[in-house]
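As a starting point, one isolated chain is supplied in structure tokens, in the form predicted on its own.
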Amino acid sequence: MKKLFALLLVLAMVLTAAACGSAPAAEPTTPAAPAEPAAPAAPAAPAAVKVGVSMPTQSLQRWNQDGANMKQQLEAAGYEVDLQFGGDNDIPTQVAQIENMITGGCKVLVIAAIDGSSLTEVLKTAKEQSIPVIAYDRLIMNSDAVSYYATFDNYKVGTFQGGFIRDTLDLDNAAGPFNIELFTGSSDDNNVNFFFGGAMSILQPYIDSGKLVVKSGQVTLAQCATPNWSTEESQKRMENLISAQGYGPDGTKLDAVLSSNDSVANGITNALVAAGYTKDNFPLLTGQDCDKPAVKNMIAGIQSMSVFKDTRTLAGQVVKMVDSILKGSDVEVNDTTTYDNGTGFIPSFLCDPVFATVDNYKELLIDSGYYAEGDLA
């Protein structure tokens, strides 16, 4: 009996071991795909190249427009722009601003100088650091750091003004004589040599023949200059001429006044209006820049013309020059023999001016988008 029990116990243990045998191996699992490597961080965009733009003043409308047009077009071309205005024609301010542009990493400088001879020292640093300099509208004198010059054909500006007086007075046919007085701009602006020289190339023969009479006798550039192109200074001089020569609607007839720009013309206008002149007897009066007050005076019949230099055109040309310089390509110029700054002839690009009168100002200034019609109301 004990043997039977022992046998049954052994048999039970065997059956239990079979029933409780090790479980079948688990299905092999597909190894997990290796994690995608993290995408490298996008490289930081390269900093935009910085261009320094130095304008002489914000007190004249045209320089505000020049600066704004330059900044807008350079930024549209992908450049960072450091635009500065030299206070109210303050030379030390402009010099300090240019120094800051150089130390601030500007790769090209575009400069409309207050005084064309005042930047020689500061531009030595620009040359030492191989920073190209573009003289804008006013030639920078006595500096070999100037790489290029961009402006309008300033001699042609003067010939437009002199030619307008000649043609309107019909000097080649009318008996005359006609009384005229002469005004130009600041003698430290090299452009006056071209404005005044161009006008006098037309008018001088008629002065020499007696067809035109300058009763004041003030015919040299130095005598006719207006410091800083100041409206106030030109008004004072015109008031003195009115008093000294007896000009007035009921006094000595004044047939024409040559003015090299609108700021100067505005002062002349103020003095003539105060002396009693109206649109019915106003002398011929020239100008330049088509500033809003001058255009309004043309519409009112008390300024005869103004030479229009579309600053958008000049700014666009300078942007092309900057772009060519920074890309190492040829810079477009169209004059290499006119503008000598005392160190040699500066490669230049001259844009063509036109002139506006009451007959065509809408086409030139409004239809082109330069002004809105409300600006001249």
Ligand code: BGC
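All values reported here derive from a predicted model rather than from experimental measurement. In case it trips you up, residue 1 is the first one in the sequence shown, and so on.
The same protein has a further form, the form predicted together with this ligand, not shown here; the description that follows concerns it.
Peer 1: Report whether all of 189, 229 and 309 sit within 4.5 Å of this ligand in the model of the complex, measuring from non-hydrogen atoms.
Peer 2: Spot residues vs this ligand: full contact, yes.
Peer 1: Just to confirm, with a 4.5 Å cut-off on non-hydrogen atoms, which of 161, 303, 261, 234 contacts this ligand in the model of the complex?
Peer 2: The residue from 161, 303, 261, 234 that makes the contact is 261.
Peer 1: Hey, in the model of the complex, is residue 137 touching this ligand, heavy atoms inside 4.5 Å?
Peer 2: The answer is yes: residue 137 has a heavy atom within 4.5 Å of this ligand.
Peer 1: Tell me, yes or no, whether residue 62 is in contact with this ligand in the model of the complex, where a contact means a heavy atom of each within 4.5 Å.
Peer 2: Heavy-atom contact with this ligand at 4.5 Å: present for residue 62.
Peer 1: I'd like to know whether residue 269 contacts this ligand in the model of the complex, with contact meaning heavy atoms within 4.5 angstroms.
Peer 2: It does not: once this ligand is placed as it appears in the model of the complex, residue 269 has no heavy atom within 4.5 Å of it.
Peer 1: If you check in the model of the complex, is residue 184 within 4.5 Å of this ligand, heavy atoms only?
Peer 2: No, residue 184 is distant from the partner.
Peer 1: So if I measure heavy atom distances to this ligand in the model of the complex, which of the stretches 281 to 289, 125 to 133, 240 to 248, 75 to 83 falls within 4.5 Å?
Peer 2: Among the listed stretches, the partner-contacting one is 281 to 289.
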